[in-house]
Ligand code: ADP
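Taking the form predicted on its own, here's one chain by itself in C-alpha cells.
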Amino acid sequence: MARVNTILLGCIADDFTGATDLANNLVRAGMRVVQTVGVPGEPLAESVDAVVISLKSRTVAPKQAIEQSLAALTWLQAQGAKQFYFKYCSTFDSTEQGNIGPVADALMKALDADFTIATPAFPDAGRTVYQGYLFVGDVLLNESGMQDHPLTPMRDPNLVRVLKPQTQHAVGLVNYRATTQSAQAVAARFDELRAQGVGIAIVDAVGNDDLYRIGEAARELKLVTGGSGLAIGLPANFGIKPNVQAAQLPAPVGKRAIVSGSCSRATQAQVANFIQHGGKAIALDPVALSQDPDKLEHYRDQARLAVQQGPVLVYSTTTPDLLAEVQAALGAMQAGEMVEGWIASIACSLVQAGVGQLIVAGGETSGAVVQALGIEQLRIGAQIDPGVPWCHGLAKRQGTTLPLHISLKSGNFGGADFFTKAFEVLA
C-alpha cells in the first residue's frame, strides 16, 4: 500500500494508558491522532497529524524495551515524522536498570541526537517538577503511594538522581528560573547544558505556561521525552491550533462495563465510589483463581448476567497490605500477569455479550485487554478527566469485528467519580 500521509509527530509510548494520555493532549491541542497497538505492519490509510505507537515495554527487560522502541522509531521514520516523542509515566515509573534511560539512550543514538529533555510534569493531573523534584498533588513522589507500586516502587523524588543510574549520558537540570521566564531562556539553558556535556536534562514545570515555553524551546530537538503534559506545547510548533473536529468519534452504542486491575490510591477511591453509589461490582479473588482456574468461567458468567441490568465493574483492585499477601502467595510478577490475563478474558467475554462502552483501569491491564480484544488502532476522542480520553476502535472476536468505545485509564488518574462520569461524558 502506498503511503497516503506524512505525519508531523511520531510518538512512542511505553504502555497503553500512557499512549492514550499522550494522544488526548495532542487532540486537545488540535492534532488529529491515531493510536496504534504495537508497531503497524503497513502505513496508515487515513490522514493524521500524529501517530502514537503504544507498546507494553515499561516493565519488560531493558533489551526488549529497546528493541520494541527502535522498531517503532523505524516505522515512524518511514512515515516521514518530523519530530519524535518518547512517552513514559508522569510518575517516572522505572528502576535503576530502566527502562526510561536505556530507551532514551537508544533513541538518541538512532537519531544521532546529542541532547534531549525529560519532564514527566502534567500540572492538570497534579504532576509538577520543581528543582528536579517530582510532586504528585501536594506531596513528593515517594509519599504519594508510588512507593508501594508492585513493579516499579518510586522511593526517590529527585529525578536527576533517579535517571543517572539508568543512562550513559550526563544528566542536568533546567530549573524554574528558566522555565517560568521565557522560551528563549529555556533554549539558552539547553545550550549551556549541551556545552557542559549534558545529554539529558530534567526540566522543571509547575504550570501549563511552563510546558508551552518548554515546547517552544524544544522546536528543533529531534527527540523529546516526558510524560503526556509536554504534548500541549508541541502542536503549535507545526502551526496547529485547538479545534473541535480533532476529537470527533462515532456515536456510542452497546452496554457499559468497567474492568480494573490497578491498585493505585486513585483507582481504589473510584472503585469505592462506584460501589457506594449502587453500582454492581464483582471482586476477583486472585488466590482462589490461581488454585482453581475453572472459577474464571464463573466470574465471566456473573459479569455477562450483571451487565444486562446496567454498568458492571469487575475488579482486582485492593489495598497495599492485601496486595502484598497476594504477591507473597503467587509472586509479584506472576500475580500481575495472571490478574491481567483473567481481566482480559472477562473483558473479551463482556464485549461478546454486547458491551460497546468499556473502561479499563491500570496500565498493564489496559495493555492485556487491548491485545486480547485484537484492537489494532484507536481514534482519540473527548477527554473525561485530565489525561484520560474516550477512544474508538474495532475489536476482533471469533471472526467478527465489533465497534467499541474504550477508555484506558492510568491507575493514578481520574477523580473519585470517574467510573460514572465517564459514561455521562460519552453520552
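Everything quoted here is computed from the prediction, not taken from an experiment. Note that residue numbering follows the sequence shown and begins at 1.
Omitted here: the form predicted in complex with adenosine-5'-diphosphate. The next part is about that form.
Student: Among the candidate residues S264, T119, N99, T179, which is the single one with a non-hydrogen atom no more than 4.5 Å from adenosine-5'-diphosphate in the predicted bound form?
Tutor: Of S264, T119, N99, T179, the residue with a heavy atom within 4.5 Å of adenosine-5'-diphosphate in the predicted bound form is S264.
Student: Of V326, L193, V351, A81, which one comes within 4.5 Å of adenosine-5'-diphosphate in the predicted bound form, counting heavy atoms only?
Tutor: The option sitting close enough to the partner is V326.
Student: Look up in the predicted bound form whether S410 has a non-hydrogen atom within 4.5 angstroms of adenosine-5'-diphosphate, and give yes or no.
Tutor: Close contact exists here: in the predicted bound form, S410 approaches adenosine-5'-diphosphate to within 4.5 Å, heavy atoms only.
Student: State yes or no: in the predicted bound form, is some non-hydrogen atom of G172 no more than 4.5 angstroms from a non-hydrogen atom of adenosine-5'-diphosphate?
Tutor: Heavy-atom contact with adenosine-5'-diphosphate at 4.5 Å: absent for G172.
Student: Check E340 for me: does it contact adenosine-5'-diphosphate in the predicted bound form (non-hydrogen atoms, 4.5 angstroms)?
Tutor: Contact check for E340: yes, within 4.5 Å of adenosine-5'-diphosphate in the predicted bound form.
Student: Would P150 sit within 4.5 Å of adenosine-5'-diphosphate in the predicted bound form, counting heavy atoms only?
Tutor: Yes, P150 lies within 4.5 Å of adenosine-5'-diphosphate in the predicted bound form.
Student: Among the candidate stretches 35-43, 391-399, 361-369, 61-69, which one is within 4.5 Å of adenosine-5'-diphosphate in the predicted bound form when only heavy atoms are counted?
Tutor: Result for this chain: 361-369.
Student: Check T128, G207 and G229: does every one of them have a heavy atom within 4.5 Å of adenosine-5'-diphosphate in the predicted bound form?
Tutor: Spot residues vs adenosine-5'-diphosphate: no contact at all.
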